[in-house]
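For reference, the chain that follows is the form predicted on its own, supplied as structure tokens.
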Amino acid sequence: MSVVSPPEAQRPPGPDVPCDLERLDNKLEVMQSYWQQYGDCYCVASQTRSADTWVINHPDLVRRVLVSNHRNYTKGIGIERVRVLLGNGLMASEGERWRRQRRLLQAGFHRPKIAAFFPIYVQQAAATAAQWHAAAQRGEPVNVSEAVSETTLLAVLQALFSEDLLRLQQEHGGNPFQVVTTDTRRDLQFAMKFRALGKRVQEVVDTRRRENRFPPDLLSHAMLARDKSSGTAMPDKLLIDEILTLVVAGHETTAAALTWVWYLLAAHPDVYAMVAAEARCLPAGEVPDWSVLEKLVWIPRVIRETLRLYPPGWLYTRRALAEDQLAHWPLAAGTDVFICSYLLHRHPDFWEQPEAFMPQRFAPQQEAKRHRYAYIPFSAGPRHCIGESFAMTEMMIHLAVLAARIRPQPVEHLDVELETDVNLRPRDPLYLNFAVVD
């Protein structure tokens, strides 16, 4: 696509020196600095591409790109890297293919389907609680990053494969998907290892068809889904792409979010006390239903505030297919557009004390007054994350089960460096000490 940039006077302000923001190791810091200098819409000329990069940090502009004129924007910089890892699953596909796949998968994430996974969430949370309880009794620190990575991986694998997960583990001498947690790199070498797991998915698909057995899990839903207009099923290659996408999307972002939840609760023992009091009101060992979760107050607010401060999906990229206008400036076809949710969630015009951890800001009366697109931890518009309910309910149950049994030891000054490669997570593993709740 050829790009004809508008004259400088018709472009947003920005730095004079060309820069490929996506290639910087400190891109978040640079974007924050530019935001402070140039405002909610600024333009950065690229060193290697003919297209400019516009960075937008205002909810009205976010709405334009992700919602009201979303058909004019395709996935942008970084999508090629995603395709190497995930093929043409929902995260990487576009156009009619994406719309068809979204329709086929959507029903698998409706409330009754999600509720069927609650026992999995409780089981995983209870196992994690037992491990952390034992560590607390021994006086040993817990590698929180590793622990939540393992439990969220098992949760999504059980939701995908149910009884066949055990079969896979027995046939292959362990969990073949464990590489997702043990290898934290997201480079080409990891992508090759991960794509090879498609063979394991195909094994399960073939076995289920041969045995005419379709347990009530996400894989069965994807296998049995039919396009309403043509009556056709997903081709196996695309089916495998979608399952691998769900493994990654259903694990990594939730693990990162839970790591930040425990980091913030350790730094704010007063907030933990409110979460623990709410958690202890729930029947111990029982699987909640939607009515129970909907009555929770502090647990969902803590999670939402965590996602405001540390959204795992901290940067969304789009590319304009045709000309558009953002703010007062004409935007050329082919222009790259970056939306930084990390900075959007800290916009002082929409968030009081934006750097502070204040779960009370997610009280209904506060949310009603806020701009709808000032908060986008799961993106927005038609490409809004299909797994939001899956992730939110898993995190709520995790926090309810664990907070009732153990508490993080208060930490006043815990210096954590951000990693902004793919998801926003601590660069080094987060270790915390816990105490047993009386």
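For clarity, every value in this text was computed on a predicted model and none was experimentally measured. Residue numbers run from 1 along the displayed sequence.
This protein has a second form, the form predicted in complex with ligand HEM, left out of what is shown; the following refers to that one.
In the predicted complex, residue 312 approaches ligand HEM with a heavy atom inside 4.5 Å. The closest heavy atom approach of residue 181 to ligand HEM in the predicted complex falls outside 4.5 Å.
Ligand HEM is not drawn, but in the predicted complex it has no heavy atom within 4.5 Å of residue 345. With a 4.5 Å cutoff on heavy atoms, residue 351 does not count as touching ligand HEM in the predicted complex; it lies far away.
The stretch that touches ligand HEM in the predicted complex, counting heavy atoms within 4.5 Å, is 97 to 105, out of 97 to 105, 286 to 294, 271 to 279, 227 to 235. Among the residues 340, 326, 90, 136, the one placing a heavy atom within 4.5 Å of ligand HEM in the predicted complex is 90. Out of the listed residues 316, 132, 73, 161, 316 is the one that sits within 4.5 Å of ligand HEM in the predicted complex by at least one heavy atom.
Residues from 372 to 401 that approach ligand HEM in the predicted complex with a non-hydrogen atom closer than or equal to 4.5 Å are 377, 378, 379, 383, 384, 385, 386, 387, 390, 391, 395, in the order they occur in the chain.
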